[in-house]
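Only one chain is given next, in structure tokens, and it is the form predicted alone.
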């Protein structure tokens, strides 16, 4: 067994479901899962109910996080069909702007190219722009960002086409970064017969060749992000299956297993899960913050032992070789390997105005 000391991890892509989806997750349960997974800072997406598209909603969501969060939280502003000329005013209080170009519904889907151009042009360069742009729409989004000299971060790259498009953009000098999820690195559509509705996610699980391409081009990938998006088991087994799966507590064990297998170096894991996320999103440092983990003894993932409120995982029964044994945030032990010790409200909300 090898014991490691890592910096506090950063997950730049989570859905903590509050407000509107508290039966799936909330700030208290989601950030407990984060600490148990070694994450001391998470960035929360805007597609809640209501979506985070104006100052009033952002402030209300920050207040919820302030009372519930056990680790540090930044909150995204959401681009919508009616806020292209106003959402930029939220840049000082949000961690970034999220633009959904496909695979979402309602006012957060911006699939009109003129409107997308306005959003990218108007957003201040002080904070990143993150896009959900799958498949053949990605080159057009990259083209618009390049036209406006705006850095762009591409969420959850899942296919050979997408990663090769990003590689080409990077090689011609465009300011683009990207992330990949552990589930797209580990699973493929070949796992869907076993997983059933628990494998329904966006972007969808892709082919084994797509998965191999992500590993092949890992040097071009900037972050590992979970896209933690829990739903209840009743919802996942219902007539209309919502896409998404939990990932905060399985991400580091899966990636440490890749280290144990020689597929990834420890230094590269730290770059992907801590250093690069902090740099890309301009996040403040956390003093006296670290994670202790062990690598070696194998065990099987069990959903009922997780902190996430939904209580399941698509990695049920998967054997992993990494385990978080302690998480320390600003000098305080907030997870001792079995229990989350941090109380709700002890995390900090990034960019929140002083009350």
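Residue numbers count along the first chain shown, from 1. Computed from a predicted structure; not experimentally measured.
The following text describes the form predicted in complex with N-carbamoyl-L-aspartate, which does not appear among the structures shown.
Though N-carbamoyl-L-aspartate is absent from this view, in the predicted complex it lies within 4.5 Å of a heavy atom of just one residue from 249, 227, 72, 162, which is 227. Exactly one listed residue, out of 286, 308, 53, 47, brings a non-hydrogen atom to within 4.5 Å of N-carbamoyl-L-aspartate in the predicted complex: 47. The closest non-hydrogen atom of residue 197 lies beyond 4.5 Å of N-carbamoyl-L-aspartate in the predicted complex.
When contacts are judged by a 4.5 Å heavy atom cut-off, residue 144 does not count as touching N-carbamoyl-L-aspartate in the predicted complex.
The closest non-hydrogen atom of residue 132 lies within 4.5 Å of N-carbamoyl-L-aspartate in the predicted complex. Put simply, residue 201 is close to N-carbamoyl-L-aspartate in the predicted complex: some heavy atom of it is within 4.5 Å. For N-carbamoyl-L-aspartate in the predicted complex, the listed stretch (144 to 152, 117 to 125, 240 to 248, 89 to 97) containing residues with heavy atoms inside 4.5 Å is 240 to 248. For the partner-free chain shown, 13, 15, 17 of 12 to 41 come within 4.5 angstroms of N-carbamoyl-L-aspartate in the predicted complex, judged by any non-hydrogen atom.
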